[in-house]
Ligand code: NAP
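Below, in structure tokens: the form predicted on its own, a single chain.
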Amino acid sequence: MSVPVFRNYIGGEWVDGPTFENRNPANTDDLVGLFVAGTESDMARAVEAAEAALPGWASMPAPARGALLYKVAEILESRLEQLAVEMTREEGKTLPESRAEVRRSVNIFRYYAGEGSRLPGLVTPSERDRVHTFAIRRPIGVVGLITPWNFPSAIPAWKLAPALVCGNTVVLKPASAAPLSAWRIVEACHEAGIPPGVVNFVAGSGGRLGRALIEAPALRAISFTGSCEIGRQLHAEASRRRLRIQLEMGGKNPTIVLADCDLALAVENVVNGAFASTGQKCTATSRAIVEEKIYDKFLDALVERTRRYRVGNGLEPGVEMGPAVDEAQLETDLRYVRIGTEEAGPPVFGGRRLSGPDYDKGYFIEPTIFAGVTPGMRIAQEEIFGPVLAVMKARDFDEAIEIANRVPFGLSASLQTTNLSRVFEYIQRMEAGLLTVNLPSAGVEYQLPFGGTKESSFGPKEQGPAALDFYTDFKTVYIKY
């Protein structure tokens, strides 16, 4: 069977070149496809194409742009099962998780398509006689989007859709570990009739292409989701050029478990938050901070539930956790298991690379739990981005909040309790941009703002109406009549 080749998309044309492989992390014998490896020259041409397409796209009425986004949503929805299977093959998450993510991408495009008929500005009364004042939104220009592998469809969608409906043109650089899901969105944009040059796609080396993108003279803004290290580099370069920039980076997210919680629900929420998607979510639960009154009881129940957590190929029914995305991420997970063992002793569950007929061709690790973790340990401070959970003890709610906030990050947090007063104290005192109560720390909806505090995020929020603030400028008008 021939292996499909997925070309870059520049100025409305599919561009050939040397390729790199995209393989299934659950079975490396499964070659998902070959992707053209873009060059610095390709990136420069993509930005030039976006610049040339900008006047026509920006001048198109916003409801007409929205109508094209509705078509994109329809195309993606018509292929939902195909796209979900492809996502599981290229990224490793379970098929139900992939289906939910493709559905979310469809909903994101529909949501922002509707914004084309609104794009709210401002109308206010003037303090002067017979003067009418208002402000309208205008696009900012050519936008670069750099997206990660862990949500290979949803994150490109939640950056691309608001950028387009606001009238910007776009160059999309996906993660090399999972580029197919983003490519399918660009394919849908092409089939929907979005004009040439409005959307451009260049896959390949993040270092080379990222530098070429941010150095392109026509670029006006960049939205990035990924590591703190790369985010800091992009911020420095964007500041030098005075580009608008939006960064979504790391997390070390806590779930606080109080003695008055529904214990069974709390255990399920922690397991889901820590191990779903192999812990490869920026909002995943990395720390469980448990009130000492129920610490032992909770830990026993947590281990017992984790023992039943099924790991395997995400295409198989009943699998709850797939592999790490690639060998490098698996090695990172195992390195932190070694660090945790040195700091806190052997894990109370898991910690091993899985072997056997079902696992030998993939990057599988057991879901892992460390107990007796203290706040100064590395596994309590550093992002792992894998299924490694640190369980910590707190005397009471106040100490739990103090421990939860004692990290450089502030993306998401969860509280498990039945005490309403504690809920509102947590909302006021928790240093995070996304808060949940009696839910996992991971799991967001597209119609609300998304983003963190401290080292987790920089710039305007993503998703919901807040996304419009990054992708537009205001033009303010005063009319004497």
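Start at 1 with the first residue shown and count on from there. Just so we're clear, the structure is a prediction, and the values are computed from it rather than from any experiment.
The same protein has a further form, the form predicted together with the named molecule, not shown here; the description that follows concerns it.
Student: Thinking of the named molecule in the predicted complex, which stretch from 247 to 255, 188 to 196, 69 to 77, 368 to 376 has heavy atoms inside 4.5 Å of it?
Tutor: Of the stretches listed, the one contacting the partner is 247 to 255.
Student: Taking heavy atoms only, is Gly207 within 4.5 angstroms of the named molecule in the predicted complex?
Tutor: Yes.
Student: Flag Pro174 as yes or no: does it have a non-hydrogen atom within 4.5 angstroms of any non-hydrogen atom of the named molecule in the predicted complex?
Tutor: Looking in the predicted complex, residue contacts with the named molecule include Pro174, since a heavy atom lies within 4.5 Å.
Student: Should Ile230 be classed as touching the named molecule in the predicted complex when contacts are defined as heavy atoms within 4.5 Å?
Tutor: Yes, Ile230 sits close enough to the named molecule in the predicted complex that at least one of its heavy atoms falls within 4.5 Å.
Student: Answer with yes or no whether Ala266 is in contact with the named molecule in the predicted complex, where contact means some heavy atom within 4.5 Å.
Tutor: Looking in the predicted complex, residue contacts with the named molecule do not include Ala266, since no heavy atom lies within 4.5 Å.
Student: Just one of Val337, Ala161, Ile146, Met321 has a heavy atom within 4.5 Å of the named molecule in the predicted complex. Which one?
Tutor: When the named molecule is considered in the predicted complex, the option within 4.5 Å is Ile146.
Student: By the heavy atom within 4.5 Å rule, which residue out of Thr285, Ser223, Thr94, Asn150 makes contact with the named molecule in the predicted complex?
Tutor: None of the other options qualify; the answer is Asn150.
Student: Even though the chain is shown alone, can you say which residues of 436 to 452 have a heavy atom within 4.5 Å of the named molecule in the predicted complex?
Tutor: Just Phe450.
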